[in-house]
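To begin, one chain is listed below as structure tokens, in the form predicted alone.
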Amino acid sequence: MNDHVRIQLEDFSQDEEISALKSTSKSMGGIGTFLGCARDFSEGREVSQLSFDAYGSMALSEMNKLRREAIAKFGLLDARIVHRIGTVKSGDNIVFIAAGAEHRLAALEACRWMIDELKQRVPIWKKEITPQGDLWVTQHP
């Protein structure tokens, strides 16, 4: 099973993800990471929770494709992407991306590219749960 790319209900450990990434190559000189967290406020509304839903197999397939493209485009040694689905409370982790390369610039650029592409291409939808009611959010980078 490829655990470099995952969609899961439960939280993840950044430390475990980074350790797993580092273990793939001793040539890694830089690791760029992105951690997306749930805010408690959006567009002037209080947000108590977020709910994420994914088109499972299609989302996973697109995330794997995105990872392969990033490795080729930026010359990465490895990359990892984890996205949660289900209900996430304010302050909780949502998405983690790590890019490992020989040099920091490639790692940082790849990390930014991956999160922007993920938000545009991967069929994962976000619903904000607020005191005023629930609202599906259109995703954008």
Partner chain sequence: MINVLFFGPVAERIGKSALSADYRPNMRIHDLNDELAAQYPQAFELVCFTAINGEHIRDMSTILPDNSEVAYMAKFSGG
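Residue numbers count along the first chain shown, from 1. In this text the structure is predicted, and so the values were computed from the model without any measurement.
The protein also exists as the form predicted in complex with its partner chain; that form is not presented, and the subsequent description refers to it.
Its partner chain in the predicted bound form comes within 4.5 Å of a heavy atom belonging to E62. Contact check for A54: a non-hydrogen atom falls within 4.5 Å of its partner chain in the predicted bound form. Of the heavy atoms in I94, some are within 4.5 Å of its partner chain in the predicted bound form.
In the predicted bound form, its partner chain stays beyond 4.5 Å of every heavy atom belonging to R80.
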